[in-house]
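Read the single chain below, which is given as structure tokens and is the form predicted alone.
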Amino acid sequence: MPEPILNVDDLVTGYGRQPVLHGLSLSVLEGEALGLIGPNGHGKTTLFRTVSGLNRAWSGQIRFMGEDITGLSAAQIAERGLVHVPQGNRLFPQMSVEDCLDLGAFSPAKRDNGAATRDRVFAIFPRLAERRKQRCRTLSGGERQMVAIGCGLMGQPKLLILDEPTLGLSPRLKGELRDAIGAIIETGVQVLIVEQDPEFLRRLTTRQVYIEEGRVREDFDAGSLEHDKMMEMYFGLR
């Protein structure tokens, strides 16, 4: 059986004195793409923020590639190859596409290969190559999301965390972004992704986890009989 590239064990955290995650445990195995689904406000984004070092874990352990990263800073975690692209494409609006991408190569080690990495980003997102000198504030919502994911790729991730990358996008742009994420997976970058569109996840991920009330409720292979039953139960899909 493949070893976990990411292992979250009995994680408890929250905001103020209010817990959000109640002993959540999950793993991302070597070579798989994992999708998370579940109601809004039940801990998916909190999980991502804690795994990437933006939130403090109250208890439990997070291991990445065999190393305990529970107490590390966000910069230290990103340097190790776990890169989080948060919800909402938070870019510097006055900066050009190219300059924003270059910020993603934040460390000397990443900057040394920055030009080659940027070329790979442009190969995945040709539209960004066309708009490389354009200011981010002038881009469409879909294009801004491409820049956000491109910034994540500039950090040369081993595991790329994507929090609802298609939020607010049209069906056509969702399709473009799904194909681009598929191309990223084909390059060998593993993906952990939250998405409210179950069909989007079905076509990209090998396994899915259902999170509810800060805990893992279901864990199933994408496209399996259990997956179909879960889709029918929670989303009314067949």
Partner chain sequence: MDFADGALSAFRAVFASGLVLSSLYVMIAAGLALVWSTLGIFNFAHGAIMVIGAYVAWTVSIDLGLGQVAGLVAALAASALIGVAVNRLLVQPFLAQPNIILITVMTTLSGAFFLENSALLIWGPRIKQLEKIVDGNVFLAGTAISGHEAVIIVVAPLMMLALWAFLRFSWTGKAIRAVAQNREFAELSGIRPERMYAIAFAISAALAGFAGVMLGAIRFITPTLGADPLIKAMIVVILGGLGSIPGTILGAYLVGFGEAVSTYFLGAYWTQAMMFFVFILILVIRPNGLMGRE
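Please read all numbers here as calculations on a predicted model, not as lab measurements. Positions refer to the first chain, counted from 1.
Below: the form predicted in complex with its partner chain, not depicted.
Exactly one of the stretches 47 to 55, 182 to 190, 26 to 34, 62 to 70 approaches its partner chain in the predicted bound form with heavy atoms within 4.5 Å, and it is 47 to 55. In the predicted bound form, its partner chain sits beyond 4.5 Å of every heavy atom of P126.
In the predicted bound form, no heavy atom of E130 sits within 4.5 Å of its partner chain. When contacts are judged by a 4.5 Å heavy atom cut-off, G104 counts as touching its partner chain in the predicted bound form. For Q76, a non-hydrogen atom is located within 4.5 Å of its partner chain in the predicted bound form, even though that partner is not displayed.
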